[in-house]
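We begin with a single chain expressed as C-alpha cells, specifically the form predicted alone.
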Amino acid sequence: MHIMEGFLPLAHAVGWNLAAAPFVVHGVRKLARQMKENPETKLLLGASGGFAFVLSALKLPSVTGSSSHPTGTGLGTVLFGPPTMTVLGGVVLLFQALLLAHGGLTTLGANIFSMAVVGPWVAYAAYRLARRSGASLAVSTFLAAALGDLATYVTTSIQLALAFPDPAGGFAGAAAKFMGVFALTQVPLAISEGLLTVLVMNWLAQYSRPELQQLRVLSKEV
C-alpha cells in the first residue's frame, strides 16, 4: 500500500497532499481534545500507534511501486475514532518514510489518504454498524480491522489507476488490474489482521478495562 518515493506524477502527489491535509488538521484538534478530557488513555494511544507502525512495516511483494501488508489502523479507530487515527497513521507513515524508506515524502499525502483517512473511516462505519446491530465487541472489532484494511488497498488501487491508466482499458481497466493483484495477498492479510486485532482488544479489555470504559468501548458490556 505504501506508494514509494517519486512514483506518482507531481500533480497527483500535490493533489493527494491537499486532499489529506484537512483530515490531518481536524485529527490534531480532536486528538488534543481527547487527551485533555482523558489523559489516562495516553498509554493506549501510544500502543495504538505502535501497533499500526509494526504491522504496516511488514512489507510483502506486490505490484511495482507499492507493497502489501496489514495496516493496523482498526485498533486505534475502535478506541479513539477515525480523526485521531488519521494523526497516528500520518505519524507512522512519516517515520516509515524517513527511517525505513518505506513509502516516501512526495507520496505521503496519498499514503495518508488511503491508510489513515479512508481505512479508519471505513473501519469506524463497519464497527458502528456492527455494534448497533447487536454484534459482540470481538465481531465488531474484527470487521472494523479487516474491512478498514481492504478499503485501504482499494483506495491505493484507485490512486495508482488514476496516475497510470491502462492504454486500452483506461482508468477502469487499470483499477481492475491493480485490485486483482492486491486481492491475491490482501484478503488473507485482512482476515489475519482482523483476528490479531481481536486478540489485542481482548487483552486490553482484561487489563485496561477502566481506560476502555472512559473511551466508551466497553460501556455496553458493563
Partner chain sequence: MRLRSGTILLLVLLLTVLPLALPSPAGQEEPFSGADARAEALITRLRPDYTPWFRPLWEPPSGEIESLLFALQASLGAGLIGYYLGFARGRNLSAGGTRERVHD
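Positions refer to the first chain, counted from 1. The model shown is predicted, which means the values in this text are computed figures rather than measured ones.
Beyond what is shown, the protein has a form predicted in complex with its partner chain; the following relates to that form.
- Taking the partner from the other structure, its partner chain in the predicted complex has a heavy atom within 4.5 Å of a heavy atom of residue 47.
- Heavy atoms of residue 213 never reach within 4.5 Å of its partner chain in the predicted complex, leaving it off the interface.
- Although the partner is absent from this view, residue 154 stays clear of its partner chain in the predicted complex, with no non-hydrogen atom inside 4.5 angstroms.
- Using a 4.5 angstroms limit between non-hydrogen atoms, residue 18 is distant from its partner chain in the predicted complex.
- Annotation for 1 to 24: interface residues with its partner chain in the predicted complex are 1, 2, 4, 5, 6, 7, 8, 9, 10, 13 [heavy atom within 4.5 Å].
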